[in-house]
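In structure tokens, one chain follows: the form predicted alone.
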């Protein structure tokens, strides 16, 4: 049975960095539109002029497209339902408000800020929920006076609506505030603008975060006041921190830009966001956008609070990194590392296979591989020493390793590894002790790409220079039992 086409939308506010919550909501809207056909609209909610940031709209569009999210209509692509910035639709909102006032469903309110603050303080003192007291409901307020326009919520009865994920929800009207619809600056609040725009643009399904559930009765009352049919409401579960609180930048990075700049692949972040509210019905955690759309249905959306686990996201990003071909990997790493961008591509082709299995983010390249791009390293004294080995003994063994590296006909991986294992046996060290001392000597750190392969990439001369520097750090005299010092390269 064919499904009816849908009209869906997202309406982000250009008030800061593009939020992962916006991407999450957009992804589910796009999936429904692609599954059933229809239209997906990007509408910019820019009516909060006190928080408006001029460059935020462009950033929203850029980051959503980086994630592979595309819309059919919007301020950048046009469409028949435009304009798509709410600041350009104010005449529609003012006309709608006048219609509501004429119907007796809304009223002008000229209460001052001081009166409202005094009213709320008194309500809190009486341990009441602060809300407008209806002072202007039956007053005549001149249109020429400084005023707002409020929704005239019925004082009795109840409002019932259906959430497609949660079923019927009923709210007592007495608990709903006379919400401001039009502010004194002539701009609408979210409540008025979203209802007017969704109706005028033909939106059939409203997929948004569950934090808007408590506002939905106000929207339902507005639809009823206008005499408009209700769309279907789908409130997606909120992204949460590990402590179940709403995701916030204090506990998790929330900017899409942060994830792009810190070495995440759009496919991985998109896959991860899909998992936040959707399940294939099994343990499957890795899938393409096409597979997500094919399997998508509103009934498969989970209403439990999904935890935005950044460690899991990094693991998933690592899975995608390991699938990249070498050319793709080089391109991504060069975008995130100045050292890689300046490096000889042939050198990168030798280095990157050593770390592809270890990276979960492209920005980890510098931390793992910086020793390839510096003239010298500074090995910490204590890290050079295997447990229970002395400075003198360690320096003597490093001298032997230095001679070995110097005298090998060629520095190939198989020969170098075998000769070093033979040396470890000869000096009665465990191979892992020798390899760790050498690792710290030639890289300056204890965690690196594979040692033997790294030494071969660094080359004979660099390895000898760094082993000599490590021996100097140990400050130990020559050990005559293990061989004489040779300072020639």
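In this text, rigid core is short for the largest set of C-alphas that superpose within 1.5 Å between two forms. Positions refer to the first chain, counted from 1. This structure is a prediction, so every number in the text was calculated from the model and none was measured.
FYI, the form predicted in complex with the RNA isn't displayed, but the following is about it.
- Figure note: of the listed segments 275-283, 225-233, 396-404, 99-107, the one touching the RNA in the predicted bound form, with heavy atoms no more than 4.5 Å away, is 275-283.
- Highlighted residues 326, 376 and 419: none comes within 4.5 Å of the RNA in the predicted bound form, counting any heavy atom.
- When you look in the predicted bound form, the only residue of 59, 436, 427, 457 with a non-hydrogen atom within 4.5 Å of the RNA is 436.
- Screening 249, 183, 85, 350 for any heavy atom within 4.5 Å of the RNA in the predicted bound form leaves a single hit, 183.
- Though the partner is left out of this view, residue 121 does not reach within 4.5 Å of the RNA in the predicted bound form, counting heavy atoms only.
- Proximity of residue 269 to the RNA in the predicted bound form: non-hydrogen atoms within 4.5 Å are absent; the residue sits far from the partner.
- Residue contact check for residue 152: none of its heavy atoms lie within 4.5 Å of the RNA in the predicted bound form.
- Under a 4.5 angstroms non-hydrogen atom cutoff, the RNA in the predicted bound form lacks residue 74 among its neighbouring residues.
- For the partner-free chain shown, 111, 113, 116, 120 of 92-128 come within 4.5 angstroms of the RNA in the predicted bound form, judged by any non-hydrogen atom.
- After superposition on the rigid core, displacement of the C-alpha of residue 431 between the shown form and the other one amounts to 2 Å or more.
- Remark: with the core as the superposition reference, the CA shift of residue 453 between the shown form and the other one reaches 2 Å or more.
- When two forms of a protein are overlaid on their rigid core, residues whose CA moves 2 Å or more are considered shifted, and residue 26 is not one of them between the shown form and the other one.
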